[in-house]
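First comes one chain, alone, set out as structure tokens in the form predicted on its own.
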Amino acid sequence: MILEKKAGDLHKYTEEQHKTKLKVGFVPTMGALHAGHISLIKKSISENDITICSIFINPAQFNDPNDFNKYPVTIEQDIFQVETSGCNLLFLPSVEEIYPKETEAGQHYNLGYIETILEGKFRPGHFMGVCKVMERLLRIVEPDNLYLGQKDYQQCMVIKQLITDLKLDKKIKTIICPTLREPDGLAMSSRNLRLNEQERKDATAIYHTLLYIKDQIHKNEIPEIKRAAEKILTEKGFLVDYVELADANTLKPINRWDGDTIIVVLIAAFMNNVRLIDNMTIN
């Protein structure tokens, strides 16, 4: 495996791959890798000639500086996992490599409605930071295929919109892969490392709440279901940001389901100081 830290050198490498008609897959991460990340890498390996993974904890997408400072860093373990996965190249850039001085002024991305709801509402500026780093990474890597996890449902939609807005959608195909879960149902997440033993046990309430909503959607009105779902979470010690049911394609909230439209249930809640998100599609 090649370990690269310089954006310019990586760009030259991928240009050479494209010249020889090799297909490049890309898995962007913020480290603290788990089996979900590795599944994305292996999916890319199975579908591309070259697979590139990046690890970069992006300061621009943290609206809370304390959250950024507490984000888990396990770089030695991460390098080992990426290497043993069969990945061809690991990109480990510094902040200066991703955000050189000429880019400091930044760019505003017109995300429209999707930036005003759910994660956009509760984490102001978050998606601007996501777009900023993703544009930079995509310009450097120029992948044929981009692999993302469904756990970050809204973020996947934002990145797909960004690729379209940048007119890269004919060059880059976005592949959204299913959320991987622990045996007890908890969605795999780097933030799970910040949970103590009891918090980790209680955190499974998010998954059980999703299952409860899926079971109740045919039986009760949505406002009633949401109130009951929030109660389940608060009784387990969560501070709830949102429990929302929305059209899976637009993320517009729904108050009544026609039984036909594909919908997504989205939850964000704090277990003490750790913010967890999860979702489940229903059709």
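The structure displayed is predicted, hence computed values, not measured ones. In case it trips you up, residue 1 is the first one in the sequence shown, and so on.
The protein also exists as the form predicted together with a small molecule; that form is not presented, and the subsequent description refers to it.
Exactly one listed residue, out of 85, 161, 179, 88, brings a non-hydrogen atom to within 4.5 Å of the small molecule in the model of the complex: 179.
Checking 210, 148, 141, 118 against the small molecule in the model of the complex, a heavy atom within 4.5 Å turns up for just one residue: 148. For a residue to qualify, one of its non-hydrogen atoms must sit within 4.5 Å of the small molecule in the model of the complex; none of 123, 268 and 276 qualifies. Here the chain stands by itself, but in the model of the complex one stretch of 44-52, 228-236, 250-258, 23-31, 23-31, has heavy atoms within 4.5 Å of the small molecule. Residue contact with the small molecule in the model of the complex: residue 99 places no heavy atom within 4.5 Å of it. For residue 71, a non-hydrogen atom is located within 4.5 Å of the small molecule in the model of the complex, even though that partner is not displayed. A residue is said to contact a partner when one of its heavy atoms sits within 4.5 Å of a partner heavy atom; residue 78 fails this definition for the small molecule in the model of the complex, lying far away. Although the partner is absent here, residue 157 sits far enough away that none of its heavy atoms falls within 4.5 Å of the small molecule in the model of the complex.
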